[in-house]
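Here you get one chain, nothing else, as structure tokens; it is the form predicted on its own.
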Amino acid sequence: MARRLTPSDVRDLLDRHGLEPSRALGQNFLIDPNTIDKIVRLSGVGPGDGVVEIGPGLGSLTLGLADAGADVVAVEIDRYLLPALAEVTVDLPVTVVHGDAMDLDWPTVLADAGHDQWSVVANLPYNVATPLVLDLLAARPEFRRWLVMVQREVGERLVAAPGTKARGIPSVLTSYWGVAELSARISPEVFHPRPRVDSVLVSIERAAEPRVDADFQRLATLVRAGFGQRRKMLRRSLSGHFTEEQILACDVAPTDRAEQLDLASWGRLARFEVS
């Protein structure tokens, strides 16, 4: 029978190891077995798959991923959680790595795991979710499938379509690498401690190639400039990069604002050669 951590299991682990959830690290531990099973099911992870879990905490989700047959690399920044995590994952196909996912030497960590492609399945700390997703999408092409739990507002920004209020830097840059969608809403009741915000699951399918033919760094520079003055029209927010005539030459309206542009429009701007 599959093992899952119940609320009493989590309290027992915390008590025996003298632990308390860290607010500074954004720790909210999953305590609902049904939610764990839902995340594993939506991730599509199966026997023999390589999975990176960032922020495993006490190992609630780790158990579900291992039970599905995955080889799990669990990256935990909090050294105080490591003994409890080791206890929970003993004798399972789980490699626990102590480190910061933002600064980790990923090639070394993954070198001996025997997988060319990985899924990222994680309950991400709210305070680092956006930069972590954007940085790893840009740096780690072998991370092909993602299912991450984030704060609802963060998730909405990652998947926002052109012309919507939530459209911003995260949604444009995420769309450069792949397709992001909201997969499910998660109740605060399934966490300990109970967060004050709602959570969502965001899935990202990374494309084999960037979804627009444009240099990423150039595109990212323009996107940041455009959204840095998001209330202004592009002829003002991008005035340090283009004349109004040059924006028109990219088949983009200078009177548009940044949130109105789709990825193809940003790609045309990024490809434009300014003489």
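Numbering starts at 1 and follows the sequence shown. If you're wondering where the values come from, they're calculated on a predicted model, not measured in any experiment.
There is another form of the same protein, the form predicted in complex with S-adenosylmethionine (SAM); it is not shown, and what comes next is about it.
Work out which of V150, V120, I186, L81 lies within 4.5 Å of S-adenosylmethionine (SAM) in the predicted complex, going by heavy atoms. The residue from V150, V120, I186, L81 that makes the contact is L81.
Which pick from V96, I77, V200, I169 sits with a heavy atom within 4.5 Å of S-adenosylmethionine (SAM) in the predicted complex? None of the other options qualify; the answer is I77.
Please name which of the stretches 120-128, 173-181, 140-148, 159-167 has residues with heavy atoms lying within 4.5 Å of S-adenosylmethionine (SAM) in the predicted complex. Of the options given, it is 120-128.
So, a 4.5 angstroms cut-off on heavy atom distances: do all three of L25, S60 and A101 pass it with respect to S-adenosylmethionine (SAM) in the predicted complex? Yes, the whole trio is in contact, each within 4.5 Å by some heavy atom.
Wondering, does I54 line up within 4.5 Å of S-adenosylmethionine (SAM) in the predicted complex on heavy atoms? Yes, I54 sits close enough to S-adenosylmethionine (SAM) in the predicted complex that at least one of its heavy atoms falls within 4.5 Å.
Does at least one non-hydrogen atom of L234 fall within 4.5 angstroms of S-adenosylmethionine (SAM) in the predicted complex? Although S-adenosylmethionine (SAM) is absent here, L234 would stay clear of it in the predicted complex, with no heavy atoms inside 4.5 Å.
Counting only non-hydrogen atoms and a 4.5 angstroms cut-off, does L30 reach S-adenosylmethionine (SAM) in the predicted complex? Although S-adenosylmethionine (SAM) is absent here, L30 would touch it in the predicted complex, with heavy atoms inside 4.5 Å.
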